[in-house]
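A lone chain, given as structure tokens: the form predicted alone.
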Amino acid sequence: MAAADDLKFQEFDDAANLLAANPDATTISIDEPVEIPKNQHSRQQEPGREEDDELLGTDDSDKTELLAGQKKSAPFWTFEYYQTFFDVDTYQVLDRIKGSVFPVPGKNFVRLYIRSNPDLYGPFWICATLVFTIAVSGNLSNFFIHLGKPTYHYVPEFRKVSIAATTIYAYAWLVPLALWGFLMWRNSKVMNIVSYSFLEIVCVYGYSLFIYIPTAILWIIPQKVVRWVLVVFSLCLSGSVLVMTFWPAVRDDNRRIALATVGTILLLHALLAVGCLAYFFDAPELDFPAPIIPAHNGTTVTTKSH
């Protein structure tokens, strides 16, 4: 049997003395962790992987997506479920508005701004602000067009508020709903298609409408050329956000179906802008009745206004 002294804990000397006693011994340092060379991971990446990461996101965005899904696990009939959709700070909303006004080519708006925390706060208030901006600016535009005519009396048209609200909110909810259903249907046909949630699509459409708020204010200028230039400019900015967001979702589908989908998205977006301009701002010339001035001899004289 081993001696009692051999079973006791002993204080060893440093590694140099141990190696001198036993040169064939293997030493492991527990103070210094083993480092994996960085170039080993980079060699395993495919050539175009970095560009795909920039467009579709990285592993960090996928992790935040899973965490967001775990966060929104409350039942849909509870107040906490809908409270999470408005859990966003001012800096996030401003960053998303800036991203919708100044889109970066090749950047996916959902992956870059929305996927970590999709919200309804920004889209709701953007739509509400756009409704009142279009209604008020439309009334002011009608006032400036007929300003100076002696037979014109300004009457505010409050019905434009309800019409604008119905149009804007129907577009911001029904079009994303139809697009989400279409993408889900195509996702069952094409397995590698990129999918978006309904909340993400509503968020994209809501923030893409922000550019129309300053555009509607500038539509007060009674010059048709200026108005149409503003329509084209705002449509190019907001339309590019939609194209760069939804083109990756349909590009792996049939070529004709992909082009038809993107074309329909742009067509509906253009119809919204042109329809609002035509109805709320391009008011038709009203044929006001000429005033009747009674004469001294009992007859009436009708004056024609120019």
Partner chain sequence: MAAVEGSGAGAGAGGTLFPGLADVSISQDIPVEGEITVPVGSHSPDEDYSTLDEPVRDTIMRDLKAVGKKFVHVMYPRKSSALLRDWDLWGPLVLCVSLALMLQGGSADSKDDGGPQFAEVFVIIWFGAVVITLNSKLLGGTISFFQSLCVLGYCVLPLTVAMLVCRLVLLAGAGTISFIIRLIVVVAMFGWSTLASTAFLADSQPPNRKALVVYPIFLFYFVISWMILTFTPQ
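Everything numeric here is computed off the predicted structure, so don't read it as measured data. Positions refer to the first chain, counted from 1.
Unshown form predicted together with its partner chain; subsequent notes refer to it.
Checklist entry - Tell me, which of 232, 93, 221, 101 has a heavy atom within 4.5 angstroms of its partner chain in the model of the complex? => result It is 93 that has a heavy atom within 4.5 Å of the partner.
Checklist entry - Among 128, 217, 177, 226, which has at least one heavy atom within 4.5 Å of its partner chain in the model of the complex? => result Going through each option in turn, the one that passes is 128.
Next on the checklist: Which is the contacting stretch out of 102-110, 132-140, 198-206, 180-188, given heavy atoms within 4.5 Å of its partner chain in the model of the complex?
Outcome noted: After filtering at 4.5 Å, what remains is 132-140.
Checklist entry - Are any of the heavy atoms in residue 165 no more than 4.5 Å from a heavy atom of its partner chain in the model of the complex? => result No, residue 165 is distant from the partner.
Checklist entry - Does at least one non-hydrogen atom of residue 170 fall within 4.5 angstroms of its partner chain in the model of the complex? => result No, no contact at 4.5 Å.
Item to check | Heavy atom of residue 155 within 4.5 Å of its partner chain in the model of the complex | outcome: Yes - in the model of the complex, heavy atoms of residue 155 and its partner chain come within 4.5 Å of each other.
Checklist entry - Does any residue in 222-245 get within 4.5 Å of its partner chain in the model of the complex, counting heavy atoms only, and if so which ones? => result Read in sequence order, no residue approaches its partner chain (within 4.5 Å, in the model of the complex).
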